[in-house]
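Next comes just one chain, in structure tokens: the form predicted alone.
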């Protein structure tokens, strides 16, 4: 649709404290902007609702120097500033060598142009890419409206088959499943200082209007990934309609710890199939203590989707996701998957 952008005040924050000050001062009239690839499209399309006013003030945090960085400390882990671009993450030698799954996930986001503008913080907090949410004619639940129109409407590509609730959006972030598999923490700043939120507790469920635990006057300042245990391997795979731009029909982040040919530990996170990055502990349990073997992997992949509840139009996501889990586990296990 892309209407003209209305007149909006713009503030270049020079510190985290200044950004928090402006957010607290203007309340829901203010929004944080960094890459702006999501926010500006919402503003141009005049997407708003009872709990989603069009902002009157944009607070630019790209002008905060310490928020654009990638720092690796051996034995501790990786710290990524919230305004670091996805391109910088995917092209970082340290990220690719130590946390390759995250580099692969960042590379899968949208297009080269988007990745050169979009940030890791923005990728985690982007709003739903649901056509009922993205057009002004529908006052949907995620805007503060009374209902989710996708449940009885068109939900073939982008809506949940897991974690059903009031809203059946499919969470759009590619980096979130990889970060969850890696045990990341999200560092959040607000009026009362900083807090560290394990990524498992960062995303809210399908009953909530908003997707994360961020308060209106809080911002992400950093993503921290701890050093991974010895003998850890990972894989990130994404299925989409086209080779570029599209959001995931389904994605899988798998992190395995293998010692002497057996699985010591496993994390399996599904993307694109639920209103939040969806961890499948039962599938992880199906691997722990077992020998590395294709039959064991096939069983774990089947368990991963055993409790799926697809909607009328997206049942195809169940076998798609099962096969994607198997391929990701085979890759992370160092085995060749059958084509």
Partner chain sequence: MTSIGELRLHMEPKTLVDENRHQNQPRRVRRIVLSINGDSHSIEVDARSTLAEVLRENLRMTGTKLGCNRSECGTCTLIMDGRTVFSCTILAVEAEGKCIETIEGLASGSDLNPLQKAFIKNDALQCGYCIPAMLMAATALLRVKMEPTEDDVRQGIAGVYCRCGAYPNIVRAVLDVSRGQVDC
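Just so it is clear, the structure is predicted and the values come from calculations on it, not from any experiment. Residue numbers count along the first chain shown, from 1.
If you look for the form predicted in complex with its partner chain, you will not find it shown, but the lines that follow are about it.
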In this chain shown alone, the residue from 52, 308, 303, 33 with a heavy atom within 4.5 Å of its partner chain in the model of the complex is 33
Given 177-185, 257-265, 208-216, 87-95, the stretch touching its partner chain in the model of the complex at heavy atoms within 4.5 Å is 87-95
Does residue 29 reach its partner chain in the model of the complex if we count a contact as any heavy atom within 4.5 Å? no
Can you work out whether residue 288 and its partner chain are in contact in the model of the complex, taking contact to mean some heavy atom pair no more than 4.5 Å apart? no
Report task. Verify the contact flag for residue 11: yes if a non-hydrogen atom of it lies within 4.5 Å of a non-hydrogen atom of its partner chain in the model of the complex, no if not. Result -> yes
Can you work out whether residue 58 and its partner chain are in contact in the model of the complex, taking contact to mean some heavy atom pair no more than 4.5 Å apart? yes
Applying a 4.5 angstroms cut-off on non-hydrogen atoms, the residues of 4-29 near its partner chain in the model of the complex are 4, 5, 6, 7, 8, 9, 10, 11, 12, 14, 15, 17, 18, 21, 22, 24, 25, 26
